[in-house]
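Next up: just one chain, as structure tokens, the form predicted on its own.
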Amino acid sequence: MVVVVFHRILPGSRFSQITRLLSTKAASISGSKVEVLGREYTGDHMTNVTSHLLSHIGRDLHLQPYHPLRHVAQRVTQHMYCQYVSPRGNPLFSVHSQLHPVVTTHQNFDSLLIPKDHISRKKSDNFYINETHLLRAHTSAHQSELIKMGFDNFLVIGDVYRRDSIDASHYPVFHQLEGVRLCTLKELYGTHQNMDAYHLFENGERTEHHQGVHTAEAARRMEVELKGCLLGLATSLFGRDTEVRWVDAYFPFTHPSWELEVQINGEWVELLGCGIMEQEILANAGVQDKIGWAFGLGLERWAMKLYGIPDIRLFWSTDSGFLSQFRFDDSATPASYKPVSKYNPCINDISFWLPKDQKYESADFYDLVRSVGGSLVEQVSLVDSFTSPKKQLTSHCYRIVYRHMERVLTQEEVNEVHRRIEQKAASTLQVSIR
């Protein structure tokens, strides 16, 4: 059973602070047992979560008072509240911001029509608890269950988990905001004397820009409403003079699909993805008489562009020099991040031969580096790869950039961390250090 919690945003609330203090006990791994927020799971051959990753669960940055991610979430929520109001004057959209982060593979993939052989299911891309459960890779994993519960207009906000490269804009834990709206025939067309002339569905052919099950007019109206809502959202946050454009995209769960890009400092930046929901998703959730649209955005990306925050690790900082810059009650208050300090990095390389008879994934090494080096690691990049004809082995050389966010690191400190990375890589990944 999924418990849906509606979180009312209250300035000065202490709930999130308490959650953060308890976060070190929110999730743990011991032997084959993985515990996450009071639920215990048994690991198996697919388990690849680490203690370092699990330590982030329960921090709920999007709920912490005055946190920049919470400010962005509040602004998006307020925009949706103002855009869609019931006849009684109440917001149509409900907010679900504390759903459990562990979902089933059915929720994360199958319910969204993601093919069995799709690359996004790979172990190298996700954090699996076991063969049937994983830490959600997107907030879309909760779409079907909420629709089945009767919600037609809702936002889902929460932390999501993906195995990715290590640099200033990527982190294995980040935060998404998902929006879903379902419309009946009356909601889409209004009330007319001859409603028989209006339809949501038809038996047409699926094309590059049309599902085939929706009438052209119904799809057009949904597209106009969706794009109008999101354009208003983007310009309300980034300014009415912001240059924007729509780009055709592909997502397994929407068709047609688009990405919204804005121009910031002369560079086009993708802000969100959206589209008309695949009707099969609604049918599988028991909805036969409605058509829907959905969008999803990354809170970190919006906050980094909105406030000029240069490094994604800063969102996890407890340094008052960072957090105090966003201590205001009105989330629409303009703010620009001012660096507390910029300490010089320490750069060490690590080279090793890959195991000859075992499968090796760079993502496993990235997780290992994060696990050992934690937030000291700013970036990891593969700088050289070659195969020795004589040894019949492949060598990788990775460059690791170490930088503390709050003080100067000594080379001795870095060398110690680097040594532990080498030792763990050799023992767990079966590589041979060169």
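Numbers for residues come from their place in the sequence shown, where the first is 1. Computed from a predicted structure; not experimentally measured.
The protein also exists as the form predicted in complex with a small molecule; that form is not presented, and the subsequent description refers to it.
- Heavy atoms within 4.5 Å of the small molecule in the model of the complex are found in exactly one of 291-299, 67-75, 349-357, 236-244, that being 291-299.
- Residues Ser28, Val103 and Phe127 are none of them found to lie within 4.5 Å of the small molecule in the model of the complex, as judged by heavy atom distances.
- Checking Ile157, Ala303, Leu135, Cys274 against the small molecule in the model of the complex, a heavy atom within 4.5 Å turns up for just one residue: Cys274.
- The contact with the small molecule in the model of the complex, taken as any heavy atom within 4.5 Å, belongs to Arg162 out of His210, Arg162, Lys123, Lys227.
- Remark: Ser331 does not count among the residues lining the small molecule in the model of the complex, judged by a heavy atom distance of 4.5 Å or less.
- At a distance threshold of 4.5 angstroms between non-hydrogen atoms, Gln176 is in contact with the small molecule in the model of the complex.
- A residue is said to contact a partner when one of its heavy atoms sits within 4.5 Å of a partner heavy atom; Tyr171 fails this definition for the small molecule in the model of the complex, lying far away.
- The closest heavy atom approach of Phe253 to the small molecule in the model of the complex falls within 4.5 Å.
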